[in-house]
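First comes one chain, alone, set out as structure tokens in the form predicted on its own.
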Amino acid sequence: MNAAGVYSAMAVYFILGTLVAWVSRKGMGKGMVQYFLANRAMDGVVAALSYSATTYSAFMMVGLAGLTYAGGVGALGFELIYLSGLVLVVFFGPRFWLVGKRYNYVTPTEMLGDRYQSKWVAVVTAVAACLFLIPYSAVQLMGIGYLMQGLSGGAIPFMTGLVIAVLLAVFWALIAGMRSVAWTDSLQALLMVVAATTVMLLVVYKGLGGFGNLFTLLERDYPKSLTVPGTGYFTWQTFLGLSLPWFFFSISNPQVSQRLYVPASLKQMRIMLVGFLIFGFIYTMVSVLWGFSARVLLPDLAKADLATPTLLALPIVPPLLGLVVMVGIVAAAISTIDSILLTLSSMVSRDIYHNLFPRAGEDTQLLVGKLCIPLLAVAAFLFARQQLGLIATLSVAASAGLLVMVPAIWGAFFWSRGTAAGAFASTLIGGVVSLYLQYTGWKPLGLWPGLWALGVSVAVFVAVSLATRPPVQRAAEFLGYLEEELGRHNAI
């Protein structure tokens, strides 16, 4: 596929996305809640599509397909762990929504600071989110770079793809904040799942003679791809190390948990979750089957993450359809980057800047947040250009670091004895442990950094909380309000 075709498809995508983003500005008010949370009034269907596009990024059709190519069917089990982790949203989702509406929280870390009555809890958790989510944003940029490079046969350099992705993400995020991202997400989610499913079916039936023949060929030529640990990649330590951060993803990753503030009601939240589960299962199966197809048709790839772009460039895929899929994958990645940029910029302005400069008004906070968007995007770009490893494992490494916030989040909603010192220490110490283990590559007892980071954070949170004084009055008010409201709403 020539570079001109790829650039043309991206131009059409840019025009359509910009029109949708601009239309989304209609009726938009001023203020942090309007810009970062779409005024807490999002329809359940739009919320489901936006949640799906935000969650299922370049990781899926590039990263998960590459992981399936490299490690076999274990990748399916690993991704299904994420879907099963949505059971956490049943318990945490209504609580996030209720307290967000009651206390006008904009970010999940603002909620932690208020619940534990400590601005430093908000600051340290916001800093931790920035440290670990910038690499995750970089992963999305890498996916776009690999995709455009592979689809054009190398005519479009990897760096060019990164630059295009950064410019698109920043432009759309700035137009109308969450409203812009949610509306473009809806377009992008539909595009990515329809296009990916269509091409997967085309490749399987036209290139491989159907699903039966695909699995016959896998069983004959690559039998280890259908077993665990299979090729040797998915040992139990690897599977646990990859899966644990994914199970807690819906509450540990603030760009996802912040979405729990935006539905118009708990009924709309239910619609959001059901829609996401349906979308997620379809997209997971498509991505895994895509990886299996690449394993049979392209057995000697130098890099597993090139499975999807190389497959799209095969003659059996009509060029126009291949371009549509490329745009769908780019759309998924841009959606995730946009959501992360909005979340991190809201945290920097609300939880770091405002806590350090408490006299700053809401207009100033909003301005700081908008200024942070391009700065954070540049940081992600600088990380992405290093091309440090497999997209799937880099994604998990970023999420593994965010596990350090899980104990403080759990304590905020379920343990009145939790303290600010416990939340602060568990985030700080757990974060240092995670960074050290990931930087050095050390895996004590063969266990991955995420498991150690979570274990250390839990132990520190409990121990320090028991040794310090909790905010008794705030805990009683906070948890009492939740108990009363959950009983009245009957939760989800």
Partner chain sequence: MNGNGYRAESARAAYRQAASARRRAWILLYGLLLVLAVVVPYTALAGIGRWTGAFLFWILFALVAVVAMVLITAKWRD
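Here the structure is a predicted model, which is why all the values come from computation and not from measurement. Positions refer to the first chain, counted from 1.
As for the form predicted together with the partner chain, it is not shown, yet the points below apply to it.
For the options 190, 86, 379, 368, the one in contact with the partner chain in the model of the complex, meaning a heavy atom within 4.5 Å, is 86.
Among 157, 229, 153, 299, the residue placing a heavy atom within 4.5 Å of the partner chain in the model of the complex is 229.
With the partner chain left out of view, the stretch that reaches within 4.5 Å of it through heavy atoms in the model of the complex is, among 371-379, 163-171, 141-149, 239-247, 239-247. At the 4.5 Å threshold, heavy atoms of residue 119 stay clear of the partner chain in the model of the complex, well away from it. Taking the partner from elsewhere, residue 100 is found to have every heavy atom lying beyond 4.5 Å of the partner chain in the model of the complex. Using a 4.5 angstroms threshold between heavy atoms, residue 234 counts as touching the partner chain in the model of the complex. In the model of the complex, at least one heavy atom of residue 94 sits within 4.5 Å of the partner chain.
Judged against the partner chain in the model of the complex with a 4.5 angstroms heavy atom cut-off, the residues 64, 303 and 464 are out of contact without exception. Contacts to the partner chain in the model of the complex (heavy atom within 4.5 Å) from stretch 66-80: 73, 74, 76, 77, 80.
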